[in-house]
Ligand SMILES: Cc1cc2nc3c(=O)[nH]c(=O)nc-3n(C[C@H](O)[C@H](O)[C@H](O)COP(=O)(O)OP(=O)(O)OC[C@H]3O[C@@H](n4cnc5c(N)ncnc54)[C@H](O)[C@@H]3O)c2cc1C
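A lone chain, given as structure tokens: the form predicted on its own.
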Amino acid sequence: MKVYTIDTDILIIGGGSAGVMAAIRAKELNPAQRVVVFEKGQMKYSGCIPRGMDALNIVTVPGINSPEDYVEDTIIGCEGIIDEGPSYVMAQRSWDLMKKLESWGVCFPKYNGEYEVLKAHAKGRYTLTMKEPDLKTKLYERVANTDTIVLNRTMALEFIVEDGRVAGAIGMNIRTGELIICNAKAVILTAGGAARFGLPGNGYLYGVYDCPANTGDGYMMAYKAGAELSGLEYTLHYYIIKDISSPLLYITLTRGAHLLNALDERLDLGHPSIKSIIAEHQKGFGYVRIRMSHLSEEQIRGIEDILFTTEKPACERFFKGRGVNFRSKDIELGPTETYLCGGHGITGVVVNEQAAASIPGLYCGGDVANVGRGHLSGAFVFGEIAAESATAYVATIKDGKADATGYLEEITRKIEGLQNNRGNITIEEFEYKVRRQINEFIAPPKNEYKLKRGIEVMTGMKKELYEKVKIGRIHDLVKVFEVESIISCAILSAHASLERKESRWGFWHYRPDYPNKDDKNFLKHVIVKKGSNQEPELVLRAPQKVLKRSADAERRV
């Protein structure tokens, strides 16, 4: 395989929502600095928001709410396991971010001169309506108008670490197999979470809620480089349109739809959360359904306009094919596969308010970062913050070149081993079994026996991956590297789940052997990092607090 070398000031790994914003901001700050992007797909349409979006999830609108309000709200949602600093900064910058997007032509509709701010959190209103089917395209065009070097179809494989700092990465072209050594003075990691983790109920490998290209590569690269991770035990799954993995809940409920369980009991009279709906399903009262037959034609058309254009155009064909008309038929919702995510959850590389990871030279944003339930707002804001911090850091580094020889030899050894083995199992078959075993041993409900067996099974499969899988093309090789990340994430998730000897976040970390929440011992992050013996090292750390509260307010939180 050919090997190329490229030098840059800033390397961005992942061209989704956080990555595209990081590239734009880096060029705003210093047009002369060199910026390179590794993007596994095509940056114009990549990431979890490949097209449009119906809302900016978190905006602290002056006169309606404040950053302090938001932090209090998200502490409730994360049940206390959150560093307040990054969440506060994200909320603090959210209004200016929205106005910036608006100045770029992103549509935030106004009604009677006011923005529409919806309630999707426990207490306050922070979700600002957006009507922008071409969101990602508009942002990509801003990058394309700079001299940013975007290497599409390039998967990052390893960080290059030199003298204790991240000094670049090695990537691979997923079509040609060519290897690329990128020497960088700073690296921004925006590679998404682990969407392809548990196996969906329909058995389809790529029928997942988030971007199927996200296989935990970023988590594992950061872990192997020595960075700290947290929230790996937060094994969430959502409850969305059954069989198509598209959001619908808050699009409809905020516009008057009803939410019903299998007994036709209404669940929307309070504030239904994903956790509460999953609990209803676990009790045997699913499938939960959305009913819109009582809404006016104007209201239904408005929902269809959002769902069929901005959110996911494929939904229109999906419902027509099943004969589902919102005016007469309910819409079935169902649980997604188990996955790991910073945007919807709290899994990710630990970062501070400057988006800096625990190892110098590495900055993170989006689903790969531990900014609790930051959603799209968190991706955009921390993409910008990462660019600002990386730009300042670059000015302190004289020579960004590092020795990649050892990393290149390891990658080459793996590739040669796959080419020379006598395996007869396809990578698709192997991935199916891996993810079925994740459902069996790593996903909730969890217990000590299952989790330990999960580590044993996954460790064995990690070895078998390079002994029993046959590869006939570059596409197979890419999938082997992806499956290795999935397995490694499962092992770390099991270790973190074993450490948290309690149940928290509803079903997402439910341990029948420790069925109760234990704030006394576990109102803490489970920090995971690579130990000196190459095994996971786990430490409990109290959440960071930045807001000043009275004793009464502290008790309420």
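These figures come from a predicted structure and were not determined experimentally. Residue numbers here begin at 1 and follow the sequence given.
This protein has a second form, the form predicted in complex with the ligand, left out of what is shown; the following refers to that one.
Contact annotation: K312 falls within 4.5 Å of the ligand in the model of the complex, judged by heavy atom distances. The closest non-hydrogen atom of L376 lies within 4.5 Å of the ligand in the model of the complex. Not displayed here, the ligand is approached by L56 to within 4.5 Å at the level of heavy atoms in the model of the complex. By the criterion of a heavy atom within 4.5 Å, A18 is counted among the residues contacting the ligand in the model of the complex. Comparing 295-303, 93-101, 314-322, 338-346 against the ligand in the model of the complex, the single stretch with non-hydrogen atoms within 4.5 angstroms of it is 338-346.
Residue in contact with the ligand in the model of the complex (any heavy atom within 4.5 Å), chosen from V187, A191, V351, I385: A191. The partner is absent here; in the model of the complex, the one residue of V36, A494, C48, V528 having a heavy atom within 4.5 Å of the ligand is C48.
If you take 147-164 and check each residue for a heavy atom within 4.5 Å of the ligand in the model of the complex, you get T154, M155, A156, in sequence order.
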